[in-house]
Structure formats: structure tokens, C-alpha cells
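Below, in C-alpha cells: the form predicted alone, a single chain.
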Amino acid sequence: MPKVTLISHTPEPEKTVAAAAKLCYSNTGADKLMENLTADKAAGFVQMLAEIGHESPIEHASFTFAIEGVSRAFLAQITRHRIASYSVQSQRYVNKGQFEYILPPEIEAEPQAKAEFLQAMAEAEHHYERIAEILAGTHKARLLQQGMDEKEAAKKAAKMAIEDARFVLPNACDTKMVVTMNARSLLNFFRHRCCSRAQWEIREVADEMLRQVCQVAPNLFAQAGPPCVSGPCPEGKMSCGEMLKVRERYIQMKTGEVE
């Protein structure tokens, strides 16, 4: 299961957004922006922005997540959301011998498919370690010939070896990352990735990210989730047809009734 942790965020995110909005609609100077800006007033500003569709002020609130227990396939999907910052565990510098992997539920539920999958993972691990071993030997010999100290040569050769051995690692190979998005980007992310048509792994992560940001900025994310939470389903004939169920689920998630 993916592990998602909100590790930091803009202090008082809704007040920050409200201050930016306040500047847009009044002659208030910078030194007065936060003056008398109570939580209730901030909530009012945030709700107004949502009603009139003024989204730029919400970009001033950002949220940073640590995400673990996800696949490289997940990485390929989340980095399509380009207005964000990513720091990802490197397969070039981190040895992935005996790597952990993500087992899709549909494969786990089918014994024959699971057996094939586990065999593929074992073979990938074997080939990764064998290629790394061969390349490390070749690199070390060359570095020694160039006059490098044996200990240093072995260390450098091992790093050089995994840089190319990683090419046999599967999409299922686990990874971890730190992701930062501003609130506007998050709303877009939730709109696409909380939908039931999204791939299961990124949907699980999106749901958990949404649950956690709602705890610190409930008004900012009151309408967050798939499109059908706040309006009609845009999927046409591809719709899941369960709009009311989906809406109820996200209401419960945001109020803390669903873990």
C-alpha cells in the first residue's frame, strides 16, 4: 500500500490565500494584509474565490508530501503534472538489489498471474545483480589500470555498474519521492486522479493526499475531488454511472468519517 505523508505546507494556508485575494480587491497595503484576517474571514475569501472562479490567489499556498511504496509506473504518471516539484529516489545512485515491488491487486487475486509475476520479479532481480556484478568487475579492472586505489576503484566501479544495470528493472520496482504542489495544481491533480477512471495506484495516492490537505485547509479543498463532486460527470459514455455514491464518499472523506 502506498504511504503518503504531508510533511510541510504553507503556514495558515487559507489566510495566505485570503491575503492575496484581499490585495486584489482593495487598496490594502502589504503591512495591513493580515490585519484582522480571522479564520472565518479567511474562509469567506476562499469560498468567494471558488464561487467566482478566481484561482490565481490559491497558488500562494503550497503542500509538500513524502510518498513511498509506489511503483515506477506511478512515477511516470504523477510527473505528467508539470506544475509541481519532484525529488525522486535515484536508481543511478541507489543500489536496487533485492528491490521491493508493487503487486497489482488484480494480479494478486489471480493465482496463475501472481505466480508469473513473482517469477518475473525474481528473474529481474537476478539479472540486475548479475549485470551489476559483471560491469563492476570490468570497471574496477579499468580503474585499477588507470592507477586508482583498489578501495576507491571498487567503490566507483559499483556505482558505475548500477547506472546501466537499472535498465532491466521493471515498472513494478518500488520508488519514493517528495512532491510539492500549490493548491491550484492540487485541485487539478485531484480532478484527474481521484476519478474512478484513473489508474488504481495513483487514485489511492490522490485520495490520501486529499484527505490530508482537507485536515489543514478544509475550505480551500471543499470542492476538491473528481469533477462529479462539484458538477456533472464529463466522462460521457465512459462514466462509472455512480456519481451520487462518489459524492457521498468524498463528503465522508473530507469530514473524517472514512479512514
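Owing to the predicted nature of the structure, the values given are computational and were not obtained by experimental measurement. Residue numbers here begin at 1 and follow the sequence given.
Heads up, the form predicted together with a small molecule isn't pictured, but that's what we're talking about next.
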| query | finding |
| --- | --- |
| Full three-residue contact with the small molecule in the model of the complex, heavy atom 4.5 Å, for Ile83, Arg193 and Arg197 | yes |
| The single option of Asn188, Ser87, Thr180, Thr138 touching the small molecule in the model of the complex, heavy atom within 4.5 Å | Asn188 |
| In the model of the complex, segment of 59 to 67, 43 to 51, 197 to 205, 218 to 226 with a heavy atom within 4.5 Å of the small molecule | 197 to 205 |
